[in-house]
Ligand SMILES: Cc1cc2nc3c(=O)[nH]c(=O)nc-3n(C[C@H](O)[C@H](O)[C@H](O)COP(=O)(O)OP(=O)(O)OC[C@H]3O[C@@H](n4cnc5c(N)ncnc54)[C@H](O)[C@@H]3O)c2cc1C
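Heads up, the chain below is alone and in the form predicted alone; it's given as structure tokens.
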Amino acid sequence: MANSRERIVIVGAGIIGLNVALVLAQRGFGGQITVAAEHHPGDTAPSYTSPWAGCNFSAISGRDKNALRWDKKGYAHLSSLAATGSSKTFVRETESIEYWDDNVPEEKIQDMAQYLKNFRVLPPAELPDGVRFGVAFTTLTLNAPNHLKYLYERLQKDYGVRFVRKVVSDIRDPFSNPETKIVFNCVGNQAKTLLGVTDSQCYPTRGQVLLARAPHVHTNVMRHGRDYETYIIPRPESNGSVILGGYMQKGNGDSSTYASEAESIIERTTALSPELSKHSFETLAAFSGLRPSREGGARIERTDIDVAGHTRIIVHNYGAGGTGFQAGYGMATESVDTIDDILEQWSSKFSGKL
């Protein structure tokens, strides 16, 4: 018998898919959602990118208006989660300093200043050698694997979202259930090869990071170089763990880790962070992740397809690169907005009780 709980299927259980589920659930459709994915929160695999994230809210986004809009929504959402308590959500407000080796466009500065808490431009005297521009503000740092598990448990317990462990080889597969009307495509790097999508604009961006024990580090610090990224991110609710990075290697799909890169990370991060360098710290592990990137930016798009003579809907939501945790909620709200007409019909038909 067809499962009537699969009216909406979300393919992918990374941070993008989980945020789409959350937005839909908050609008009253939790009981109609099934999330289908090979890997779920708590798993680790090279193809499951989200748990490897640093991760924080960074001013790394470029001048793309979509990205800046998604960031603004994401910052408000993460701030509300931090206010709930990091012991529950694994999101915490953290003081942050970010540096650029190149000048930053004035419009980007103005955009950041509109919503980032305690935002200020650093005077030249506070900039390290080689840095052209810097800012300080209150960021949000996340314990990525534990935050994913928080969303996973919340969606099931509070909203009745169903999760199934399933390999989807074609984005049209969920429509084999006649009850399925809408599929959200949140597959990340798989969008390049997934049948029914095969987006040639997608590519991985490799990063290697170190997990270190450094309880004396309390400040997020990042330096955006011309051909590198260096960052120190204290991880909430982790007994003093810190993420040290990193790399932004476009088109590199290698999930291995390398001792030479670890040495470079330690050298760069200790030079950048006085907090890190003033005491010894212990390196616990090295990780490599593949950010799901896309030429032209993330894709948020509704498309209609014919299934056995009936119109069905696919909503694409992928390609966030390294900004999935900070932009994911904003991307989710806008992807869900594309089906407002359908959701309104359902709400009217079932009087809000699906």
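Numbering starts at 1 and runs along the sequence shown. Predicted model only: the values in this text are computed from it and were never measured.
Note that the form predicted in complex with this ligand isn't included here; everything after this is about it.
Asker: Want to guess which of 307-315, 22-30, 294-302, 35-43 is within 4.5 Å of this ligand in the predicted bound form, heavy atoms only?
Answerer: Selected stretch: 35-43.
Asker: Applying a 4.5 Å heavy atom distance criterion, does residue 151 contact this ligand in the predicted bound form?
Answerer: Output for residue 151 is no: heavy atoms all beyond 4.5 Å of this ligand.
Asker: Residue 330 near this ligand in the predicted bound form, any heavy atom under 4.5 Å?
Answerer: So residue 330 does not count as contacting this ligand.
Asker: Is it the case that residue 11, even though its partner is missing from this view, gets within 4.5 Å of this ligand in the predicted bound form, heavy atoms only?
Answerer: Yes, contact at 4.5 Å.
Asker: Looking at the partner-bound form in the predicted bound form, is residue 190 within 4.5 Å of this ligand by any heavy atom?
Answerer: It does: once this ligand is placed as it appears in the predicted bound form, residue 190 has a heavy atom within 4.5 Å of it.
Asker: Under the 4.5 Å heavy atom criterion, name the residues of 31-53 that approach this ligand in the predicted bound form, in sequence order.
Answerer: Heavy-atom contacts to this ligand in the predicted bound form: 36, 37, 38, 39, 47, 48, 49, 50, 52, 53.
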